[in-house]
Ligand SMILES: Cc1ncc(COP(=O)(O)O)c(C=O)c1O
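As a starting point, one isolated chain is supplied in structure tokens, in the form predicted alone.
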């Protein structure tokens, strides 16, 4: 299981029967957008096989990457707690906005898997997905109009990032492929950072415009 979005502090898939868990530590675990690092955890036989493969291929972290990963772990608790709290506040504000068609965040009672999330997760994480009314043009307008939130396709860093998948990361997909992936023309993915959540709410409100 890829548990990058949750990190080991929010969810521990090994406790729920998974054999192997991977994380892109480049994201929330590193937390500062300055390392490229991966983590794998699981049963001894699988980890031993991965270790042998890594040694054979030379996939060894540099001292800089390793030090950055340790630094990120030292602050992960306070960062993820703040990001989760801010994400919940933003998701709640967006859910009540007439300019927003839908919001997907596991901490919201309206999320179809909210009960499962409460059973498995200690924190709900810093990623919020929402769909703006107005489709493709409205989605592009929002990510180009924010002042605090930055337009970028990464996630997990100290700053809040927004991206419009239909015109960036998933632009090569056909309409039916986008639909199958749960991505609409007005879908926005937001990686909530460490800014004051009230500032972020005001930033999104201004970017959404008059609707």
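Residue numbers count along the first chain shown, from 1. Fair warning: this is a prediction, and the values are worked out from it, not measured in the lab.
Quick note: we don't show the form predicted together with this ligand, though the next part is all about it.
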The stretch from 163 to 171, 26 to 34, 143 to 151, 50 to 58 that lies within 4.5 Å of this ligand in the model of the complex, judged by heavy atoms, is 26 to 34
Is there any non-hydrogen atom of residue 183 lying within 4.5 Å of this ligand in the model of the complex? no
* Touches this ligand in the model of the complex: residue 2 (any heavy atom, 4.5 Å) -> yes
Applying a 4.5 angstroms cut-off on non-hydrogen atoms, the residues of 49 to 70 near this ligand in the model of the complex are none
